[in-house]
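As a starting point, one isolated chain is supplied in C-alpha coordinates, in the form predicted on its own.
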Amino acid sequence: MLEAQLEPYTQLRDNMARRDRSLREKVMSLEEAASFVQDGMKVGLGGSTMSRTPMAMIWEVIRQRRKNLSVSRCIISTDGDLLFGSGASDHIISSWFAQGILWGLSKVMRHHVETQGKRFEEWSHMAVGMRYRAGGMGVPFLPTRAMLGSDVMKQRPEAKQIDCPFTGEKLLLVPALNPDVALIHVQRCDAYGNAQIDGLQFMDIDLALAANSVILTTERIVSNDQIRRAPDHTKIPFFCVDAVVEVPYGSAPHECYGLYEPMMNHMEAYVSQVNSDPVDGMRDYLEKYVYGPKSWTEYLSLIGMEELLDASQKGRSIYND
(Lines give C-alpha, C1' and ligand atoms only; values in the text may rest on other atoms or scores of the structure.)
Protein backbone atom coordinates (compact mmCIF):
# COMPACT_ATOMS: atom_id res chain seq x y z
CA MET A 1 0.00 0.00 0.00
CA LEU A 2 2.76 2.44 0.96
CA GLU A 3 4.66 1.62 -2.24
CA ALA A 4 1.56 2.47 -4.30
CA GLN A 5 1.24 5.82 -2.53
CA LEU A 6 4.88 6.74 -3.21
CA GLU A 7 4.94 5.70 -6.85
CA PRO A 8 3.61 9.00 -8.30
CA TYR A 9 6.26 10.98 -6.40
CA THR A 10 8.99 8.57 -7.47
CA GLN A 11 7.86 9.06 -11.06
CA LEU A 12 8.04 12.82 -10.61
CA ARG A 13 11.62 12.61 -9.40
CA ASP A 14 12.50 10.34 -12.32
CA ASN A 15 11.05 12.89 -14.74
CA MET A 16 13.12 15.67 -13.17
CA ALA A 17 16.27 13.53 -13.34
CA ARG A 18 15.82 13.23 -17.11
CA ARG A 19 15.84 16.99 -17.68
CA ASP A 20 18.48 18.50 -19.96
CA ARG A 21 20.89 20.15 -17.51
CA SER A 22 23.59 21.00 -20.06
CA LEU A 23 25.32 24.37 -20.22
CA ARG A 24 23.55 25.96 -23.19
CA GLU A 25 22.09 29.30 -24.14
CA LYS A 26 18.40 29.58 -23.23
CA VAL A 27 17.47 33.11 -24.28
CA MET A 28 14.06 33.46 -25.89
CA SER A 29 11.08 35.80 -26.13
CA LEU A 30 8.19 36.12 -23.70
CA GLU A 31 5.94 34.43 -26.24
CA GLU A 32 8.30 31.46 -26.65
CA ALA A 33 8.86 31.04 -22.92
CA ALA A 34 5.12 31.04 -22.23
CA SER A 35 4.85 27.80 -24.21
CA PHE A 36 6.29 26.01 -21.16
CA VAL A 37 3.03 26.83 -19.35
CA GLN A 38 0.16 24.65 -20.53
CA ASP A 39 -3.47 24.39 -19.42
CA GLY A 40 -3.96 22.53 -16.15
CA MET A 41 -0.35 22.84 -14.96
CA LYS A 42 0.89 23.59 -11.44
CA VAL A 43 2.71 26.95 -11.59
CA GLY A 44 4.96 28.37 -8.86
CA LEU A 45 5.61 32.12 -8.67
CA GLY A 46 8.78 33.64 -7.28
CA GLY A 47 9.10 36.78 -5.20
CA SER A 48 6.64 37.74 -2.48
CA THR A 49 3.69 40.14 -2.25
CA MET A 50 4.78 43.10 -4.44
CA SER A 51 8.48 42.18 -4.58
CA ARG A 52 10.11 40.70 -7.70
CA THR A 53 6.77 39.45 -9.02
CA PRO A 54 7.27 37.79 -12.44
CA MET A 55 4.59 40.11 -13.80
CA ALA A 56 5.72 40.14 -17.44
CA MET A 57 5.53 36.36 -17.62
CA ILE A 58 2.14 36.32 -15.90
CA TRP A 59 0.99 39.00 -18.36
CA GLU A 60 2.02 36.83 -21.32
CA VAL A 61 0.49 33.65 -19.89
CA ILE A 62 -2.84 35.47 -19.48
CA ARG A 63 -2.58 36.86 -23.02
CA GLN A 64 -2.15 33.32 -24.34
CA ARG A 65 -5.46 32.40 -22.66
CA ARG A 66 -4.13 29.62 -20.44
CA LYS A 67 -6.76 27.93 -18.27
CA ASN A 68 -7.11 25.79 -15.14
CA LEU A 69 -3.70 26.65 -13.69
CA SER A 70 -3.01 25.76 -10.06
CA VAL A 71 -0.78 28.61 -8.86
CA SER A 72 1.34 28.72 -5.70
CA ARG A 73 3.30 31.58 -4.12
CA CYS A 74 4.43 32.29 -0.58
CA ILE A 75 2.37 35.52 -0.43
CA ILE A 76 0.24 36.48 -3.41
CA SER A 77 -0.86 39.98 -4.36
CA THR A 78 -2.51 41.63 -7.36
CA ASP A 79 -0.92 38.94 -9.53
CA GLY A 80 -3.48 36.60 -7.99
CA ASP A 81 -6.26 39.07 -8.84
CA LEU A 82 -5.22 38.97 -12.49
CA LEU A 83 -4.93 35.18 -12.59
CA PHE A 84 -8.39 34.68 -11.07
CA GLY A 85 -10.00 37.57 -12.92
CA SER A 86 -8.72 36.47 -16.33
CA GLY A 87 -9.74 32.86 -15.82
CA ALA A 88 -6.14 31.65 -16.14
CA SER A 89 -6.21 30.09 -12.66
CA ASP A 90 -8.98 28.41 -10.69
CA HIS A 91 -6.82 27.38 -7.71
CA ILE A 92 -4.31 29.46 -5.74
CA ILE A 93 -2.10 28.15 -2.91
CA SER A 94 -0.64 30.80 -0.61
CA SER A 95 -0.31 31.99 2.98
CA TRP A 96 -1.96 35.38 2.33
CA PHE A 97 -3.98 36.70 -0.59
CA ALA A 98 -4.13 40.49 -0.54
CA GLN A 99 -3.68 43.45 -2.82
CA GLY A 100 -0.72 44.59 -0.78
CA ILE A 101 -0.23 45.76 2.80
CA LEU A 102 -1.81 49.15 2.03
CA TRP A 103 -5.08 47.78 0.68
CA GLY A 104 -5.79 44.59 2.60
CA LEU A 105 -7.59 41.46 1.45
CA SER A 106 -8.48 41.17 -2.20
CA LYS A 107 -12.12 41.77 -3.12
CA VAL A 108 -11.42 40.12 -6.47
CA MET A 109 -10.33 36.97 -4.63
CA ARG A 110 -13.41 37.06 -2.40
CA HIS A 111 -15.73 37.41 -5.39
CA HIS A 112 -14.21 34.46 -7.24
CA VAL A 113 -13.97 32.18 -4.19
CA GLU A 114 -17.35 33.03 -2.71
CA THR A 115 -19.43 33.11 -5.90
CA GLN A 116 -17.46 31.54 -8.79
CA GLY A 117 -16.25 28.30 -7.25
CA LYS A 118 -12.54 29.06 -7.39
CA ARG A 119 -10.24 27.79 -4.64
CA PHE A 120 -7.95 29.73 -2.31
CA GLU A 121 -5.94 27.09 -0.46
CA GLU A 122 -4.41 28.66 2.63
CA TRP A 123 -1.28 27.38 4.37
CA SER A 124 0.95 29.11 6.88
CA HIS A 125 3.88 31.04 5.43
CA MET A 126 6.37 28.58 6.90
CA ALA A 127 4.38 25.61 5.60
CA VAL A 128 4.49 26.91 2.01
CA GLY A 129 8.26 27.25 2.30
CA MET A 130 8.63 23.79 3.80
CA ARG A 131 6.55 22.31 0.99
CA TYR A 132 8.84 23.88 -1.63
CA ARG A 133 11.90 22.75 0.33
CA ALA A 134 10.66 19.16 0.49
CA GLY A 135 10.06 19.30 -3.25
CA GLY A 136 13.55 20.63 -3.86
CA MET A 137 15.11 17.97 -1.61
CA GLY A 138 13.31 15.18 -3.43
CA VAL A 139 11.40 13.89 -0.39
CA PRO A 140 7.61 13.49 -0.18
CA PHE A 141 7.19 15.60 2.99
CA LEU A 142 8.96 17.47 5.78
CA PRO A 143 8.07 17.76 9.48
CA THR A 144 7.31 21.15 11.01
CA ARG A 145 5.70 22.75 14.04
CA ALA A 146 4.09 25.43 11.87
CA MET A 147 0.27 25.46 11.99
CA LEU A 148 0.05 23.20 15.06
CA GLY A 149 -2.73 24.50 17.27
CA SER A 150 -3.99 26.92 14.63
CA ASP A 151 -7.24 26.97 12.70
CA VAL A 152 -5.22 26.88 9.48
CA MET A 153 -4.25 23.30 10.27
CA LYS A 154 -7.93 22.37 10.59
CA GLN A 155 -8.46 23.48 6.98
CA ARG A 156 -5.60 21.38 5.64
CA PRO A 157 -6.36 17.66 5.84
CA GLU A 158 -3.41 17.14 3.45
CA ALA A 159 -1.07 17.79 6.41
CA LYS A 160 -0.66 14.85 8.79
CA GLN A 161 -0.08 15.17 12.55
CA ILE A 162 2.20 12.54 14.08
CA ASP A 163 4.05 11.78 17.30
CA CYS A 164 7.78 12.18 16.74
CA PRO A 165 9.39 8.69 16.93
CA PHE A 166 12.42 10.19 18.75
CA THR A 167 10.95 12.71 21.20
CA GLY A 168 7.24 11.90 21.33
CA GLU A 169 6.30 15.52 20.64
CA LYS A 170 3.56 16.48 18.19
CA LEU A 171 4.74 17.32 14.66
CA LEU A 172 2.98 18.14 11.43
CA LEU A 173 4.03 16.56 8.14
CA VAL A 174 3.49 18.84 5.14
CA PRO A 175 3.52 17.34 1.63
CA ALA A 176 6.11 18.34 -0.96
CA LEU A 177 5.04 20.91 -3.54
CA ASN A 178 6.58 20.36 -6.98
CA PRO A 179 5.27 22.81 -9.58
CA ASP A 180 5.37 21.78 -13.22
CA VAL A 181 6.90 25.18 -14.00
CA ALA A 182 8.24 28.08 -11.91
CA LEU A 183 8.18 31.71 -13.03
CA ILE A 184 10.92 33.73 -11.31
CA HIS A 185 12.08 37.30 -11.88
CA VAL A 186 15.67 38.33 -11.03
CA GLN A 187 17.85 41.40 -11.31
CA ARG A 188 20.35 39.75 -13.68
CA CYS A 189 21.46 36.44 -15.11
CA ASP A 190 23.58 35.14 -17.96
CA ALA A 191 22.35 33.47 -21.14
CA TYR A 192 22.71 30.04 -19.52
CA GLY A 193 20.42 30.89 -16.59
CA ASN A 194 22.89 31.55 -13.76
CA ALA A 195 20.78 34.02 -11.79
CA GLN A 196 21.87 36.60 -9.24
CA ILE A 197 19.35 38.01 -6.77
CA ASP A 198 19.82 41.23 -4.80
CA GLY A 199 17.90 41.71 -1.58
CA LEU A 200 15.60 39.11 -0.09
CA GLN A 201 15.56 35.74 -1.85
CA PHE A 202 12.17 34.73 -0.41
CA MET A 203 11.50 31.07 -1.37
CA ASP A 204 12.90 31.31 -4.89
CA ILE A 205 15.86 28.94 -4.47
CA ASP A 206 13.73 26.10 -3.10
CA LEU A 207 11.08 26.85 -5.73
CA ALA A 208 13.65 26.61 -8.54
CA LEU A 209 14.90 23.26 -7.21
CA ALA A 210 11.38 21.90 -6.73
CA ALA A 211 9.94 22.83 -10.14
CA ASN A 212 10.20 20.57 -13.16
CA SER A 213 10.88 23.61 -15.40
CA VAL A 214 12.03 27.14 -14.57
CA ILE A 215 11.44 30.27 -16.63
CA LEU A 216 13.63 33.20 -15.61
CA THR A 217 12.73 36.73 -16.54
CA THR A 218 15.50 39.19 -15.84
CA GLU A 219 16.03 42.92 -15.84
CA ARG A 220 19.17 42.35 -17.90
CA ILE A 221 21.27 39.57 -19.34
CA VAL A 222 24.95 39.90 -18.46
CA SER A 223 28.01 37.98 -19.58
CA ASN A 224 29.07 34.75 -17.92
CA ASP A 225 32.35 36.50 -17.06
CA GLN A 226 30.45 39.04 -14.98
CA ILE A 227 28.54 36.29 -13.19
CA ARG A 228 31.81 34.52 -12.36
CA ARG A 229 33.27 37.69 -10.81
CA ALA A 230 30.76 37.40 -7.94
CA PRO A 231 29.88 33.71 -7.71
CA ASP A 232 28.48 34.10 -4.19
CA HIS A 233 25.69 36.26 -5.63
CA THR A 234 24.49 33.45 -7.91
CA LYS A 235 21.45 31.99 -6.18
CA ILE A 236 19.84 29.93 -8.96
CA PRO A 237 22.24 27.80 -11.05
CA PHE A 238 21.93 27.21 -14.79
CA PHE A 239 21.04 23.53 -14.47
CA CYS A 240 17.68 24.44 -12.88
CA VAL A 241 16.71 26.81 -15.69
CA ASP A 242 14.98 26.12 -19.01
CA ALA A 243 14.31 29.61 -20.40
CA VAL A 244 15.79 33.10 -19.99
CA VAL A 245 13.88 36.22 -21.04
CA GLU A 246 15.29 39.74 -20.78
CA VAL A 247 12.42 42.01 -19.70
CA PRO A 248 13.28 45.46 -18.29
CA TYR A 249 10.74 46.47 -15.64
CA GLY A 250 9.58 42.85 -15.64
CA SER A 251 7.90 43.23 -12.24
CA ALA A 252 5.94 46.39 -13.09
CA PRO A 253 3.84 47.73 -11.50
CA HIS A 254 5.41 45.90 -8.55
CA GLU A 255 8.98 46.51 -7.38
CA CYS A 256 12.40 45.02 -8.03
CA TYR A 257 14.85 45.70 -5.22
CA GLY A 258 17.66 48.11 -6.09
CA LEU A 259 16.12 49.10 -9.41
CA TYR A 260 12.60 50.44 -8.91
CA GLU A 261 9.90 50.77 -6.28
CA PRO A 262 6.20 49.96 -6.83
CA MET A 263 4.39 52.27 -9.24
CA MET A 264 1.99 53.59 -6.65
CA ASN A 265 -0.18 55.84 -8.81
CA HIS A 266 -0.95 52.91 -11.08
CA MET A 267 -1.53 50.60 -8.12
CA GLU A 268 -3.88 53.03 -6.40
CA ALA A 269 -5.91 53.44 -9.59
CA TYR A 270 -6.00 49.67 -10.13
CA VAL A 271 -7.19 48.86 -6.60
CA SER A 272 -9.86 51.55 -6.73
CA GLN A 273 -11.14 50.24 -10.07
CA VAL A 274 -11.34 46.53 -9.23
CA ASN A 275 -12.53 46.95 -5.64
CA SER A 276 -15.43 49.12 -6.72
CA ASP A 277 -16.46 46.43 -9.22
CA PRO A 278 -14.51 43.13 -9.11
CA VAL A 279 -16.15 41.93 -12.34
CA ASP A 280 -16.46 44.85 -14.75
CA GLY A 281 -13.53 46.73 -13.19
CA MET A 282 -11.24 43.75 -13.68
CA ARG A 283 -12.53 43.10 -17.20
CA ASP A 284 -11.86 46.71 -18.21
CA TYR A 285 -8.39 46.64 -16.65
CA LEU A 286 -7.48 43.43 -18.48
CA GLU A 287 -8.71 44.80 -21.80
CA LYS A 288 -6.66 47.98 -21.46
CA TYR A 289 -3.44 46.73 -19.88
CA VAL A 290 -3.15 43.02 -20.79
CA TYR A 291 -5.03 42.16 -23.97
CA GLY A 292 -4.77 45.60 -25.57
CA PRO A 293 -0.99 46.25 -25.72
CA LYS A 294 0.91 44.55 -28.54
CA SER A 295 4.11 44.23 -26.47
CA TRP A 296 5.47 44.59 -22.95
CA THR A 297 6.98 47.91 -24.00
CA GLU A 298 3.55 49.15 -25.02
CA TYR A 299 2.19 47.99 -21.66
CA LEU A 300 4.88 50.02 -19.88
CA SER A 301 3.98 53.07 -21.98
CA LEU A 302 0.43 52.81 -20.62
CA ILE A 303 1.78 52.96 -17.08
CA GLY A 304 3.66 56.09 -18.16
CA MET A 305 7.24 57.28 -18.45
CA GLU A 306 6.88 59.67 -15.51
CA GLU A 307 5.80 56.87 -13.18
CA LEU A 308 8.56 54.53 -14.39
CA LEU A 309 11.24 57.17 -13.87
CA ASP A 310 9.89 58.10 -10.43
CA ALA A 311 9.85 54.43 -9.36
CA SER A 312 13.42 54.01 -10.68
CA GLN A 313 14.70 57.04 -8.82
CA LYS A 314 13.16 55.84 -5.55
CA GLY A 315 14.45 52.31 -6.07
CA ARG A 316 18.03 53.40 -6.68
CA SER A 317 18.03 55.82 -3.75
CA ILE A 318 16.95 53.07 -1.33
CA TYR A 319 19.62 50.70 -2.69
CA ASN A 320 22.39 53.31 -2.50
CA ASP A 321 21.47 54.35 1.03
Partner chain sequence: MTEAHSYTASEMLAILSARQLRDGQVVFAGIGVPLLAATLAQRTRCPALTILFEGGVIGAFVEPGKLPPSTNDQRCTKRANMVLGSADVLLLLQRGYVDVGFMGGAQIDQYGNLNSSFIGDPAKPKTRLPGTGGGNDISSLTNMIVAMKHEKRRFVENVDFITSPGFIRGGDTRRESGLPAGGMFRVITELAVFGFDDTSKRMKVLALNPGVSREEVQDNTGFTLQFDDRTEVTPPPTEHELQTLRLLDPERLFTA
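Positions refer to the first chain, counted from 1. Quantities reported herein were computed from a predicted structural model and do not represent experimental measurements.
Beyond the structure shown, there is the form predicted in complex with its partner chain, which is absent from this document and is the topic of what follows.
Partner contacts here mean any heavy atom within 4.5 Å of its partner chain in the predicted complex, and among 292-300, 31-39, 45-53, 278-286 they occur only in 45-53. None of 82, 247, 209, 93 but one reaches within 4.5 angstroms of its partner chain in the predicted complex through a heavy atom, and that residue is 209. For the chain shown alone, residue 191 is not a contact residue for its partner chain in the predicted complex, no non-hydrogen atom being within 4.5 angstroms. Its partner chain in the predicted complex is approached by residue 145, whose closest heavy atom lies within 4.5 angstroms of it. Remark: residue 256 counts among the residues lining its partner chain in the predicted complex, judged by a heavy atom distance of 4.5 Å or less. Contact between residue 228 and its partner chain in the predicted complex is found at the 4.5 Å heavy atom cutoff. Of the residues in 12-45, those that come within 4.5 Å of its partner chain in the predicted complex through at least one heavy atom are, in sequence order, 12, 13, 16, 19, 21, 22, 23.
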